[in-house]
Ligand SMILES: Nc1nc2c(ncn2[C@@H]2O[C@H](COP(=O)(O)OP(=O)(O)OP(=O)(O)O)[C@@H](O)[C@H]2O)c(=O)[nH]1
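Form predicted on its own, single chain, as structure tokens, below.
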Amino acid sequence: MPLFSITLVRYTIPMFDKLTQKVSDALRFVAGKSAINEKNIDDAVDAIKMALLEADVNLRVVRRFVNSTIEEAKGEKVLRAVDPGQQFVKIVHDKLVSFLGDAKQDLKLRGPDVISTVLMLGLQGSGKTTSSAKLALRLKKEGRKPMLAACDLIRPAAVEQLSVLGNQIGIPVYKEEGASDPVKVYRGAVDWAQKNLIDTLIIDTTGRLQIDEAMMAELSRLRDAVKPDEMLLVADAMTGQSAVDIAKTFDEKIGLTGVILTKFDSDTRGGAALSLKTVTGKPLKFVGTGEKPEDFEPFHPDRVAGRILGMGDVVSLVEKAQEVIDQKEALALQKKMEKENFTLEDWLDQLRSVKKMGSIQSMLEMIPGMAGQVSEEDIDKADLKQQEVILSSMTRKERANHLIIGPSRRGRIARGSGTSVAEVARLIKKFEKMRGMMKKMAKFNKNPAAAQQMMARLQGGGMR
């Protein structure tokens, strides 16, 4: 994982943070206890119930969750267990996983010799067109050869938006100027796909501000012509239970194979994600986690349940790191740290790697115990940006050997980065301190006992 220096400031709590904090508080009175009784369970479940209702989870879903949890938690298996507190937490975790969808649901696409089709559905403003491009990019990274078909012929500029997005991510977009029939455009797209050895056709369809008969009639006609392998509804997480109601209507009228929830990184309460599977019976397959084309992830119910319970999501964090960090480079960097050869050039590379991994705030949420613990603070993105600008204003020779950066060079770097000489000096001082710490940490990796002693001192208040 990249190494970096961060500064903390106030921020807006993202999705699930409030729920995580309340659920963690509820479990704290039960988890770890060597003996619990029915009242302990009732109190904990009641607190979790209120947390779920405040998170805008569907009332019927909350009732099911509460009843099934109490029924299982009050059995002999828990009350007489060796560690009943942990057993209760496991039950809550397993119930959350079940309500979120049990397991990650992959797209059911056919082999590369046959064109698979994905019909993207949703209301205007849900992020349907953007999600179509994000899905295409993910499939491309997985080794498939996707293309996009512009069949939203109602919304002004929808075709142009898809074309721009396709160009940005290197995905072909089929469109027909002046077209009025989406079925005709689809058939043209299939012909083009066959000639160009495309294996996945993602179709952006018409949307409206609200569900109406004209839209449903057009989508039904397109569905019958396409006979898609996947029919994915794109819904906005910020609309809460409205997203669940929309999914239910689309499934009844058109039929769905899954849901994509956008704006999953927002400060919404998370009720839609927790209610979708139970209310609609359809799995949540992907979530949009930001504005970049890469901010699009498969939905893992077990990992999300772990994050809600404050257990973090280390697996996802490691996967994010693996996407942007080369193993050989990581080993070379470790050797540099051991020998105190870590340079400003290496620091700049690490800052850029962090940016590729996405929001540092979202990474912190994946670390066990961090969710809800930084409710007043976040990463100072402006400070990270300033560090990158100052480092970029240096020459390669200066980044390779910071000791040559004297007063005149600091003045030139400050002018080039739009900062002050004092800020440049502060960055160099911070780097020297960090480099010393890195060398110590590299040694501790080879000496677990010393590392444990250091952690004990830090936890005992030795770090200031």
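Quick note: we count residues from 1 along the sequence shown, nothing fancier. This is a predicted model, so every value here is computed, not measured.
As for the form predicted together with the named molecule, it is not shown, yet the points below apply to it.
- Checking 145, 155, 138, 90 for any heavy atom within 4.5 Å of the named molecule in the predicted bound form turns up a single hit: 155.
- For the options 387, 129, 280, 117, the residue carrying a heavy atom within 4.5 angstroms of the named molecule in the predicted bound form is 129.
- In the predicted bound form, none of the heavy atoms of residue 228 sits within 4.5 Å of a heavy atom of the named molecule.
- For residue 134, a non-hydrogen atom is located within 4.5 Å of the named molecule in the predicted bound form, even though that partner is not displayed.
- In the predicted bound form, the named molecule sits within 4.5 Å of a heavy atom of residue 265.
- When contacts are judged by a 4.5 Å heavy atom cut-off, residue 124 counts as touching the named molecule in the predicted bound form.
- Listed stretches are 285-293, 218-226, 185-193, 244-252; the contact stretch with the named molecule in the predicted bound form is 285-293, by a heavy atom cutoff of 4.5 Å.
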